[in-house]
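Encoded as structure tokens, the following chain is the form predicted on its own, with no partner shown.
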């Protein structure tokens, strides 16, 4: 109840705020600095130290320069505008213009997106980068206009691994363990298949939930693990590498269509450029995150992933078998691994 009330207050406050700065959905005249600057509010659930935040901050600066001051992006980090799920709904209803959300959030709207977040879909970070920059995702990114949003880019979120109060080296080690997962059917089915008890919840609730014994651990990448200090409550990080799920930069469909063709192209081109840039920033920050977590008492354990790969095959088959589009996309992703 408190969460619903907070969301309602937030939505009302945002509407009033946007009324003062001009909503992007009203369009632009393509003359850049000749008019006022339109601020695109972007919800982000991580801190300012996160490589995605850094890439988005650089992108915002470039956007304002390239559009001659017509557009700028205002990033609100640390779930200040609500959880990813709440922020996504605010984008859809036009209360805010943009958000960075997990692929699993979008999967709930278009099930074909589940293919992008399938366990062990990508062999490496290099394979994932090839997929994100190849153009094979263009069609699915533009398929959601009727749902009031479009996807501008996919950013890497590294490899997700399990962390809890002991090393996890085989599916049996997860028996009875409640592990936080993202709020999506595929994520829930995956963790259950891996041997644990999938427990969906917002990321901002994880630390306290582990601390209070509501859950036994989580699954995420090294950067988030260190940045949110989850090593303090779940000191054993096991390299299951079960997911390399992307985070998606989404924009309200009316906001995008309301921009001039020139400014739309500028924004889309910058998003392609900063897809590459975010991979660079991510790779630069991994070792620092590991060192931070180790200094805080974390133990990192390498894992033979074969038993986990075998365990999740039914999950993969279920998603890929749902539509011809899903199968075709999965085949394209796997083909780029060769």
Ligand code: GCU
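On a predicted model such as this, the values are computed, not experimentally measured, just so you know. Positions refer to the first chain, counted from 1.
There is another form of the same protein, the form predicted in complex with alpha-D-glucopyranuronic acid; it is not shown, and what comes next is about it.
- With a 4.5 Å cutoff on heavy atoms, residue 220 counts as touching alpha-D-glucopyranuronic acid in the predicted complex.
- Residue 159 falls outside the set of residues with a heavy atom inside 4.5 Å of alpha-D-glucopyranuronic acid in the predicted complex.
- The shortest heavy atom separation between residue 102 and alpha-D-glucopyranuronic acid in the predicted complex is within 4.5 Å.
- alpha-D-glucopyranuronic acid in the predicted complex comes within 4.5 Å of a heavy atom belonging to residue 224.
- Proximity to alpha-D-glucopyranuronic acid in the predicted complex, defined as a heavy atom within 4.5 Å, singles out one entry of 46, 285, 39, 292, which is 46.
- Screening 203, 216, 169, 192 for any heavy atom within 4.5 Å of alpha-D-glucopyranuronic acid in the predicted complex leaves a single hit, 203.
- Per the 4.5 Å heavy atom criterion, alpha-D-glucopyranuronic acid in the predicted complex is contacted by stretch 175 to 183, the sole one of 175 to 183, 207 to 215, 117 to 125, 135 to 143.
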